[in-house]
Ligand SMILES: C[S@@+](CC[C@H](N)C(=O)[O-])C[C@H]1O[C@@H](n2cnc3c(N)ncnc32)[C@H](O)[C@@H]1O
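In the block that follows, a single chain appears as structure tokens, in the form predicted on its own.
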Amino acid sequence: MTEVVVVTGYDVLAEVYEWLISDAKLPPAEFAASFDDVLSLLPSNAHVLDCSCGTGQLAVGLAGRGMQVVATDASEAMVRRTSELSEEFGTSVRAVQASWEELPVHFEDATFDMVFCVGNSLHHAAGAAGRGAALESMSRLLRPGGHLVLTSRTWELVRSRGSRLDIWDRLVRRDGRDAVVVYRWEIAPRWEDEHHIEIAVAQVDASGLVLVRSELLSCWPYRYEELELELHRAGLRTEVSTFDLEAENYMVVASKI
């Protein structure tokens, strides 16, 4: 028997989001450790924003290091999961439901030493205008000399592969349950068109019952050179970039001018 639940706002997928996080980054401390190089730029007792925080592994890991951490996400369920994880690990994380556009409503300008926007989230901003607005909001919250840390899919590579179905080649095990993860890509003809990714987590319990949690997500891809220009327009200067046309993902670290 298979039960299929389809939603569009990360609220149901939040309940199974751990299946999408690699084993190495599932413990909060390990997730934070993956950013050791950029964390060395921070002062002691730094104020940090984890924007599009997901289920909070990074935010909780940063708080565990003694940083003053705020975590935001547009999904109510993600914010709730972040608060639960913070309580589980005994850390202090302020979790706030807010989209990129709403960030200046919740926080004063120049509040944070570092803003994280990781987990390939920026492509959910609606086109060049939405992406620019998101970067501007995050830039406003940075203190002069503060840093934005952003990770992204290499969309040049994604688009070159076209529409397709990607099925992970191994089972993922979480809390004694196995699951298969499937990504279905709908690649639009033009870069500026709305694209779609459907993410499905098919859990199998001991009785053989399959429970599928699936979300169809909108995304707007961008070329790396476009991102560079948009960062500059938002008052940010790229200091570090791992962009490689043949790599699946890359990281950009940009400073507030």
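Just so we're clear, the structure is a prediction, and the values are computed from it rather than from any experiment. Numbering starts at 1 and follows the sequence shown.
There is another form of the same protein, the form predicted together with the ligand; it is not shown, and what comes next is about it.
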Partner-proximal stretch of 46-54, 60-68, 203-211, 222-230 relative to the ligand in the predicted bound form, 4.5 angstroms, heavy atom: 46-54
Answer option from 148, 93, 85, 118, heavy atom within 4.5 Å of the ligand in the predicted bound form: 118
Partner-contacting position among 187, 133, 180, 98 - heavy atom within 4.5 Å of the ligand in the predicted bound form: 98
Heavy atom of residue 74 within 4.5 Å of the ligand in the predicted bound form: yes
Contact label in the predicted bound form: residue 19 to the ligand, heavy atom within 4.5 Å: no
Contact of residue 141 with the ligand in the predicted bound form (heavy atom, 4.5 Å): no
Interface membership of residue 159, the ligand in the predicted bound form, 4.5 Å heavy atom rule: no
